[in-house]
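Given next, in structure tokens, is a single chain: the form predicted on its own.
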């Protein structure tokens, strides 16, 4: 039996999401009412690493559900260039599993002083980030010991969904969110499938990950896991951007990982999958769309189909498992990736 800390924490994700939803639903509902009364006009999110990928998810979710533009913060403007940004009418969210990154805390400090509503999403209630923000949403993921974020990433997605749906008074969406932990549990059954695909990719030195819409964030997160754990140069792309030049990378047997579930962009991604097949790509498709799975060399059928806006919480599980098994297939230790620490305190 594999005793990897990383694999153990991948499998802890259903329980972590259930804890978050149970503990935070009522406090977040109250927070949502407060934020709605303040009539925030736009959102700025400060984050790094996997947390930054969660922010990309929020760009789609909050934009679609609330009609609010969502921008990613530029922390160096605060810490290196001394800029004094205007935050009138802003909701500013800091996302960090540790809550210890000084540059993220500085963005929240500056925004709060400028009069913005500020929210920390973190796993640590006594962290500097939690102290800096006016409001805090805790992840309830328990201690995450693995270097690569897994359960704190999916709980960040769930926390953002909980906040957004509560602000939108979307009770049907909140009910669906309650079912996502079960869908994640079912997705963990893909472990053997991802091990087999990892074996076929063991010699890869480069790859691209492609998503669109809500899965733009998933493409970024899977690429990050591949870089962190396997040292494959994996570059994430929007399906739309990929066709504006980077598709020239594709040659015979070039590894492409496409994340494409049913929803508004499925038809576009189906056409792209066929084009990638014709170009000779070595295509892995994480999907529930039959035509896309049929085009793939390595189809990965998600065992549970969930609504598009929740699918990043399930599809990323397949990517986490792929990165874990690919590290082993390449003779690497996924619990000890070189040059990395659990907490990176950028300034």
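Just so it is clear, the structure is predicted and the values come from calculations on it, not from any experiment. Positions refer to the first chain, counted from 1.
Beyond what is shown, the protein has a form predicted in complex with another copy of the chain; the following relates to that form.
Residue contact check for residue 143: none of its heavy atoms lie within 4.5 Å of another copy of the chain in the model of the complex. For the chain shown alone, residue 88 is a contact residue for another copy of the chain in the model of the complex, at least one non-hydrogen atom being within 4.5 angstroms. Residue contact check for residue 77: one or more of its heavy atoms lie within 4.5 Å of another copy of the chain in the model of the complex. Proximity of residue 308 to another copy of the chain in the model of the complex: non-hydrogen atoms within 4.5 Å are present.
Of the candidates 253, 134, 182, 241, 241 is the one whose heavy atoms come within 4.5 Å of another copy of the chain in the model of the complex; the others do not.
For the candidate set 246, 125, 199, 115, a heavy atom within 4.5 Å of another copy of the chain in the model of the complex is found for exactly one residue, namely 246. Of the candidate stretches 117 to 125, 268 to 276, 134 to 142, 189 to 197, only 268 to 276 has residues whose heavy atoms lie within 4.5 Å of another copy of the chain in the model of the complex. In the model of the complex, the residues of 65 to 90 lying within 4.5 Å of another copy of the chain by at least one heavy atom are, in order, 66, 67, 68, 69, 70, 71, 72, 74, 76, 77, 79, 80, 81, 83, 84, 85, 86, 87, 88.
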